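Only one chain comes next, encoded as structure tokens, the form predicted on its own.
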Amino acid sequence: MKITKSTRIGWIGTGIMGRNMAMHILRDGYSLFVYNRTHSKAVELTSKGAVWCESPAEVAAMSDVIFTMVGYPSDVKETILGENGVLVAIRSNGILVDMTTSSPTLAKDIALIAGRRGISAIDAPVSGGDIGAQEATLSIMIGGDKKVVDALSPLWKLMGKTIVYQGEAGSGQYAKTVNQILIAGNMIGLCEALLFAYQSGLDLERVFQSVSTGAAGSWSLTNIAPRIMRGDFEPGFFVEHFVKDIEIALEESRRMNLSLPGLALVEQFYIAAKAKGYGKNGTQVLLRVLAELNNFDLGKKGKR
């Protein structure tokens, strides 16, 4: 399939990430058909010309290429394989692209089922958070048929800046799992470091200026630390979704007979954040969990 402006695009899942990613496609002049379980989250897109559909199956029936960006592997199953799912109505030469961070094993299964029906299934999870989605600078990790992936190039470029083909079906999800393992410990270190700096009496802006450009620099430090310093714990990525990602990483590790004790330890902090009612907050809320663990009042300046 050659992607042209007459190619009809379907989009399922218009949350924090999906809404902005779909908006880039719509603004570039493509016809866009959308569905989300909560209708109100698609209103911004429909007000700009996207066509509302009543189910994933209806999106599939109206579209040539269907993107899904939902929450959990169970949502992916329902959206793609369910009674009103994409595979019920997608055309035999259609293309399905799941951009959810999901299970590599599930991605392989979907590709196998889709392939038997003459459908191309691509897994293409992303990294970059809400900022990357807004600014179309996401890193997109892609698995599936290389020819199909290359054909989708005009659409990838509307959403991301770093677009890398990882290999056969499931490879995109494996790469995203690597990404999440890296971030999991990084966020703990970031929050512990800022808490330490706060308690020691340092000016956070000054210490951030020193460490952000040195060996300790990272995407999280550059993009998330400023949010923490202004008390912004709104989600760029939900804690509850990160708990899911860690569970996927640990499950896949067990399949490969790998032991990842560091990740297993870090998981407990994210589970604690969720248990304390922070599941809908951004992962930077781990600072609050650590502060509570230390009986530390974030409203008071620390002392050396």
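Treat the numbers as computed from the prediction; the structure is a model and nothing was measured. So that the term is clear: the rigid core is the largest set of C-alpha atoms that superpose within 1.5 Å between two forms. Position 1 is the first residue in the sequence shown; the rest follow in order.
Keep in mind that the form predicted together with another copy of the chain is not shown, yet the notes after this line are about it.
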Handout entry: Interface stretch in the predicted complex with another copy of the chain - options 39 to 47, 58 to 66, 270 to 278, 255 to 263, non-hydrogen atom within 4.5 Å
Key = 255 to 263
Handout entry: 4.5 Å heavy atom contact, I228 to another copy of the chain in the predicted complex
Key = no
Problem - Partner proximity in the predicted complex: Y165 to another copy of the chain, non-hydrogen atom cutoff 4.5 Å - result: yes
Exercise for the section: Indicate whether A193 is a 4.5 Å heavy atom neighbour of another copy of the chain in the predicted complex. Expected result: yes
Exercise for the section: State yes or no: in the predicted complex, is some non-hydrogen atom of G189 no more than 4.5 angstroms from a non-hydrogen atom of another copy of the chain? Expected result: yes
Handout entry: Option touching another copy of the chain, based on a heavy atom within 4.5 Å in the predicted complex, out of M99, M141, A133, V76
Key = M141
Exercise for the section: Could you spot which one of A175, A114, L152, L106 gets a heavy atom to within 4.5 Å of another copy of the chain in the predicted complex? Expected result: A175
Problem - Partner contacts in the predicted complex for 1 to 32 (non-hydrogen atom within 4.5 angstroms of another copy of the chain) - result: none
Handout entry: G201 C-alpha moves between this form and the one not shown by 2 Å or more, core aligned
Key = yes
Practice task
For K77, state whether the C-alpha moves by 2 Å or more between this form and the one not shown after rigid core superposition.
Solution key: no
